[in-house]
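What follows is a single chain, given as structure tokens, in the form predicted on its own.
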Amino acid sequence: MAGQFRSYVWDPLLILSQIVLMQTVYYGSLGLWLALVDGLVHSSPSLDQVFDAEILGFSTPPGRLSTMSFVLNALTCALGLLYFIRRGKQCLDFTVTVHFFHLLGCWLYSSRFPSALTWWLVQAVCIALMAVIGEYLCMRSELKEIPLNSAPKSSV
């Protein structure tokens, strides 16, 4: 392993802490987006906006606002992938993990499995946006030049 560039060592504590951190980023930024959108239209915030699959949709104004918040949250979480995960290869893994735990949260909150087609469409779009943009940002960061001459050598 000594001769490999960026060799990967399996560290379960690091992985668990990154999962918890990404869940925190996901729900924290989603809460901020929902609060901002609710404040703009003078609506009352509710946990149903986060966890009720029936609210997301395109036919009602609250559904459109919640959908917009979820899409904006995917963009914010892509930045979270850049700053906290930093590996392009792991962006899809962490994106699917975050949305899997959100699926479980929705299932537990409403006591039924999400069956609304619009909820699944919004989640699929958010997964795609978060993974692709996060991977793009991480790959761009990984491909930066490594400076070889940081300081001039003195002649002795």
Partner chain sequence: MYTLLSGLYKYMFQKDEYCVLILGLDNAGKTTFLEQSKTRFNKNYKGMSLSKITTTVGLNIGTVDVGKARLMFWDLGGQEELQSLWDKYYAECHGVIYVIDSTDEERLSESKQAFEKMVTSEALDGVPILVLANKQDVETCLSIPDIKTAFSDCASKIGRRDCLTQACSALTGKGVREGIEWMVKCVVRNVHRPPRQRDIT
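Positions refer to the first chain, counted from 1. This structure is a prediction, so every number in the text was calculated from the model and none was measured.
Heads up, the form predicted in complex with the partner chain isn't pictured, but that's what we're talking about next.
Contact annotation: Ser69 falls outside 4.5 Å of the partner chain in the predicted bound form, judged by heavy atom distances. Contact between Gln90 and the partner chain in the predicted bound form is found at the 4.5 Å heavy atom cutoff. Under a 4.5 angstroms non-hydrogen atom cutoff, the partner chain in the predicted bound form lacks Pro147 among its neighbouring residues. Proximity of Val20 to the partner chain in the predicted bound form: non-hydrogen atoms within 4.5 Å are absent; the residue sits far from the partner. The three residues Val9, Ile15 and Phe101 all sit with a heavy atom within 4.5 Å of the partner chain in the predicted bound form. Residue-level contacts in the predicted bound form: of Thr118, Ser43, Ser46, Thr97, one residue has a heavy atom within 4.5 Å of the partner chain, and it is Thr97.
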